[in-house]
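The chain below stands alone and is given in structure tokens; this is the form predicted on its own.
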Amino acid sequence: MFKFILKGLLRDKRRSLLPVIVVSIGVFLTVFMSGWLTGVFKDMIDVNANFTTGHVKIMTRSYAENENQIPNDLALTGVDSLMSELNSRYPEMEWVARIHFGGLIDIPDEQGETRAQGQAVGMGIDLFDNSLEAERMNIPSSVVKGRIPSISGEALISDDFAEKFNVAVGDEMTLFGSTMNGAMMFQTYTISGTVRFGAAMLDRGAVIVDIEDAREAMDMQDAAGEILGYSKEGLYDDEQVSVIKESFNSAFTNPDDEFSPVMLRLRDQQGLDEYLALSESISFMMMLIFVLAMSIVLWNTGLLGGLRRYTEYGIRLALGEEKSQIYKTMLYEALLIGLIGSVIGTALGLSAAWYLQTYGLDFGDMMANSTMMMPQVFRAYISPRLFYIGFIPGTFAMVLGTALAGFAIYKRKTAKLFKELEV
């Protein structure tokens, strides 16, 4: 039956070409927009996870309550043993320690006098020991001048700061701040390079050093402000991290000890729970509206296609064909057209989504003054859902429209039919 119907569709282009084109366009837009919205929200989650929240984060209870103040006097201690315990208990996660700090950058002139000063928001991360921290924070691609630190005593600074105060690679800078114990801290670093991340909150006065240099400067041996955990699969899985969070907090957190460690999920930090819920709702609503709109269009296509063939069905009835047989044939044709158009539209949508997933669209100029952690380049994301979501409007709506149009067949009266044919 399908072979016979397919031959009929191929030989009569007027019957099949327009519906296939309409279905293909609708499915293409559905698949492409789904991939685009999924990619945008995924990139936002990844940027926040990579720079600030991790998939999970461990801090002391007091540090977590005052995190915005970067209270390193409340930092975790005994980090080496805690990291070993984490790697043993939760091998599916990668664990990294970080130190955040604030201070003042002082750039001396040739006589050693202050030439320029500015506020610094610093971070100590593992830049050596074959760590993935630099790649996770996209530092190699963000280096504007110079290179990533390769030895102890080197630092990266914000390219905006370097341009503003005419600081060159190879110059020295002194970082003023306070140690973990509240004492005055000043440490001199050699500038190995400058970076620009595209986020205003990072680019105004960022300083990045190796975590061991930060520990030495701030008297934080075997200590860290926070320990971040990342799934080795690279994707945030809320169910997985929720299980890990409950397991860790039940084993390590003491409600009576303000210095006991506590684990938070990505969703528990910086209002991201509300943001993720909102983004999921917006994505769902937009896709639902889009799918419904495409379904209505394709429904009308099937309806009009059936009405245009009203005379054909009359002739077939006059020749003695059963009404039920004609109706089944109509549905089979609609299903075949829907499948062909859905396959073509899905292929085109996946191709467009792949292009944007690979190259993306650069919104760096628009994000220059943003205070939120947002990616500069927005990309689509090809998820398994894209391979079938287009078939919902592509086949169901087409068949539904044809089914409604086909009810007219059962209303045809034989006497009226012959009168129409005589005319």
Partner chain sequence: MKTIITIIALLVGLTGNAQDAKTILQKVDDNMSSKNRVFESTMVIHGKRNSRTITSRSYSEGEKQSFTEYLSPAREQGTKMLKVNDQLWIYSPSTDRTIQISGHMLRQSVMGSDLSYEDMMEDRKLTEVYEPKVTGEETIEGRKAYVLELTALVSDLAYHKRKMWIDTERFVPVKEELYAKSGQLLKQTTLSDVQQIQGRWFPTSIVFKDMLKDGKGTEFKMTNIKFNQDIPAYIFTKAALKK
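In this text, the rigid core denotes the largest set of C-alpha atoms whose superposition between the two forms falls within 1.5 Å. Positions refer to the first chain, counted from 1. What you see is a predicted model, and the numbers here were worked out from it, not measured in a lab.
Beyond what is shown, the protein has a form predicted in complex with its partner chain; the following relates to that form.
- Exactly one listed residue, out of Ser131, Ser231, Asn249, Thr174, brings a non-hydrogen atom to within 4.5 Å of its partner chain in the model of the complex: Thr174.
- With the partner removed from view, the residue among Glu212, Glu154, Asp106, Glu85 that has a non-hydrogen atom within 4.5 Å of its partner chain in the model of the complex turns out to be Asp106.
- Proximity of Glu135, Asn138 and Ala206 to its partner chain in the model of the complex is absent: no residue of the three has a non-hydrogen atom within 4.5 angstroms.
- In the model of the complex, at least one heavy atom of Gly182 sits within 4.5 Å of its partner chain.
- Although the partner is absent here, Asp238 is not a contact residue: none of its heavy atoms lies within 4.5 angstroms of its partner chain in the model of the complex.
- At the 4.5 Å threshold, heavy atoms of Leu335 stay clear of its partner chain in the model of the complex, well away from it.
- In the model of the complex, at least one heavy atom of Asp73 sits within 4.5 Å of its partner chain.
- Screening 337-345, 73-81, 145-153, 238-246 for residues having heavy atoms within 4.5 Å of its partner chain in the model of the complex returns a single hit, 73-81.
- Contacts between 135-149 and its partner chain, taken as any heavy atom within 4.5 Å in the model of the complex, involve no residue at all.
- Annotation for Gln111: C-alpha shift of 2 angstroms or more between the shown form and the other one, rigid core superposed.
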